[in-house]
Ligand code: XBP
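One chain is shown next in structure tokens, namely the form predicted alone.
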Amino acid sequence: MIEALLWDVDGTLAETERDGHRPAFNDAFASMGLPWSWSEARYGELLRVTGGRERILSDLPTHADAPATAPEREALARELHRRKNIAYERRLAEGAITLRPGVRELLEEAATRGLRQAIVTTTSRANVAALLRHALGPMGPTGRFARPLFELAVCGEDVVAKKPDPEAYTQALQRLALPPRATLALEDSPAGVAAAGAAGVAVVVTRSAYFEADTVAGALAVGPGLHTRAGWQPVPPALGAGPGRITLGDLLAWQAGHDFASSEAPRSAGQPAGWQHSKLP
């Protein structure tokens, strides 16, 4: 039985990459007089690198006018990332970034039903706080929220290794004092699914703009978003019943089916307990 939902942020709670981070990176480049600009296609490639500062560093070798030494590149990446975060929050304040359709409804349904909820992301705490401050209310310095939807947040500053490493998920499980099988993650990317799966946490995938065509392995269900019951594999358990969105009942039913299959099928060597891989497009 699910006791807690574990939410990714970028691409899952909101289309932050498309509507916020990429334009904010370009604003940061311009603010430093750099003639660089990340197109949608280029940014999609860079998303295979986890972490904003890390993306800048991975892109610097493609620019002839980038600093020559590693310390200079690191300093530039840090300053650009700082400016990007400022530009990102400005876009939030302007209303350019909102929660994805269906997210607020599921958040509030889960809260009403008494489920615990946590943020598990490897984006920065500043970016998480900015998004949720504008969408749901302020987050305090300890990672707790004024509005009792999220019990805690594990962010990029809290981990040594970012997704697809499972550290963020294992830390969340420890802080919640829950076993993996008592939780369910909501993710949008293969890296997020890999991170959750390596921690033994089952995952439901809501595809985001930059990962809408990626192959996803190891998820309970994959679909276009929480706002619709169409296009999901497997089909939502109660198709045609209730509201026209994914509900907590659907998540519970998917998890129940997963638990039944896991109890029936032997585990392969090295496969985490409570996790059974299924291949979905």
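Residue numbers here begin at 1 and follow the sequence given. As the structure is a prediction and not an experimental result, all values here were calculated from the model.
Below: the form predicted together with the ligand, not depicted.
Query raised in the report: Which one of His81, Arg116, His134, Arg73 is close to the ligand in the model of the complex, taking close to mean a heavy atom within 4.5 Å?
Result: Here the answer is residue option His81.
**Report entry** Interface membership of Trp36, the ligand in the model of the complex, 4.5 Å heavy atom rule
**Finding:** No, Trp36 stays farther than 4.5 Å from the ligand in the model of the complex.
Query raised in the report: Does the 4.5 Å heavy atom contact test between Thr183 and the ligand in the model of the complex come out positive?
Result: So Thr183 does not count as contacting the ligand.
**Report entry** Contact label in the model of the complex: Thr98 to the ligand, heavy atom within 4.5 Å
**Finding:** Heavy-atom contact with the ligand at 4.5 Å: absent for Thr98.
Query - Partner proximity in the model of the complex: Gln171 to the ligand, non-hydrogen atom cutoff 4.5 Å - result: No, Gln171 sits far enough from the ligand in the model of the complex that none of its heavy atoms falls within 4.5 Å.
Requested in this report: Specify the contacting stretch among 171-179, 196-204, 103-111, 116-124, defined as having any heavy atom within 4.5 Å of the ligand in the model of the complex.
Outcome: Result for this chain: 116-124.
Query raised in the report: Within 1-35, which residues come within 4.5 Å of the ligand in the model of the complex, counting heavy atoms only?
Result: Heavy-atom contacts within 4.5 Å come from Asp8, Asp10, Glu17, His21.
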